[in-house]
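To begin, one chain is listed below as structure tokens, in the form predicted alone.
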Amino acid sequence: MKLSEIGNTLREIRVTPVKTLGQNFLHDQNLARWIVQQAELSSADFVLEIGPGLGAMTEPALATGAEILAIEKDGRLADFLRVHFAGRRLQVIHGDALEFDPRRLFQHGPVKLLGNLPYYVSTQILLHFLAQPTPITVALLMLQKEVATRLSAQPRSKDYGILTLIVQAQYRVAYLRTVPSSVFLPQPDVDSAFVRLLPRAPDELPAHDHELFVRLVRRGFSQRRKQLGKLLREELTDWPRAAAEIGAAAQARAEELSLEQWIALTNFVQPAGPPTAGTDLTERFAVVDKRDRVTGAAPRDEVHGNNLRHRAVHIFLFNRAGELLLQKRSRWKDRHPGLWDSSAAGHVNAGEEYDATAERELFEELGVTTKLERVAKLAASERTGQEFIWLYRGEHEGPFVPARAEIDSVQFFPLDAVAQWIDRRPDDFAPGFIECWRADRSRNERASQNNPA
């Protein structure tokens, strides 16, 4: 949309741009097309656009055939977009991006994020949508130049700090170009910049405790001019040895440590341990017949390799809001790596019973205990991987301590979001979980029919 068209449209829909709300409308069409080109969109892509305004980036994005979900805070602009792009692959949500639940994006599969973020909340929006786990595979964002510089900063610079490290620990950040204020109406008081964020590969950086990493970074930058040895006394008592091990000077300040050194420092305080610790391919499982009677025992690899009938448990943990905890299986798992699964699950070992296994697996995988209730028993079949499964339910708010050998991440999800996700993308889930989900839903439906309100 040209500059003159923007002015006329704003008058027609009675919108007076408010700088404090980030209402600066992009009128450089070439720049808008260039931005969309960086996303490499196609008709197979799902795009989340934050702050579409009058659709400067929406128009070229829709031209690629991509499906777009746009979140617009101003109701008048949201209504304009619905009318202007009627019949196109666009859904417009009138609302605050910070109030949108990112968990509802998983049902759309990999998501590309586009946005001209309001300056006053850009950092909050960034962290809200890119917090792990997330289905967002690339973020292309217009930001205040100062924020973009902080995101892409390098050690020993004045812009390098807490935000830099928190984001760069999970994303590779590229500062693509500076954008002058003259391409916006009204013109902001400062220049903008365009950045691209790509998730790091799972093995790109050493494994570490992310919460501890963030805590150390925040404490280290709490007083930038102080030496780290003084600021981190409560976390580690032998700073000279830690500094030597991570290759830092004994007098180092926070801004002098690289991302890799901060991670090494985190592992010095609390070693992450080998990712496959606890995985034992010779672990012996109870082997059963078609009526679930124990007939013997065999190692894990033999049971799975020969599709022998065996026993397993699955656990659904709920929080007080009624949301279900799901785990994303570790990439080191021998079956269904990287797929989403029940809160906790595991095999019944030789000489072990279902109930004891459920308690053990809950603690080993998530580091918690709680009262568990038997829900349903599933027969062994191809869909369950020849496992007889007892499904359990329990309640726990966390925090959880996921076992790295088993779990990549955990997240609570609203039940309706899980249902929609399974309908749209069943291949995102381990088959055994889907069977347990169906059994749990059937049980709830029967209970509702037997006990009508």
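In this text, residue numbers run from 1 along the sequence as written. Bear in mind that the values here come from a model prediction, so they are computed numbers and not experimental data.
Although it is not shown, the form predicted together with a small molecule is what the next lines describe.
Looking at the small molecule in the model of the complex, residues 39, 62 and 111 place no heavy atom within 4.5 Å of it. Remark: residue 433 does not count among the residues lining the small molecule in the model of the complex, judged by a heavy atom distance of 4.5 Å or less. A residue is said to contact a partner when one of its heavy atoms sits within 4.5 Å of a partner heavy atom; residue 269 fails this definition for the small molecule in the model of the complex, lying far away.
The small molecule is not shown here, and in the model of the complex it never comes within 4.5 Å of any heavy atom of residue 345. In the model of the complex, at least one heavy atom of residue 120 sits within 4.5 Å of a heavy atom of the small molecule. Only one of 380-388, 421-429, 394-402, 65-73 places residue heavy atoms within 4.5 angstroms of the small molecule in the model of the complex, namely 65-73. Put simply, of 97, 232, 163, 212 only one has a heavy atom within 4.5 Å of the small molecule in the model of the complex, and it is 97. Interface residue among 216, 77, 179, 195 relative to the small molecule in the model of the complex, by the heavy atom within 4.5 Å criterion: 77.
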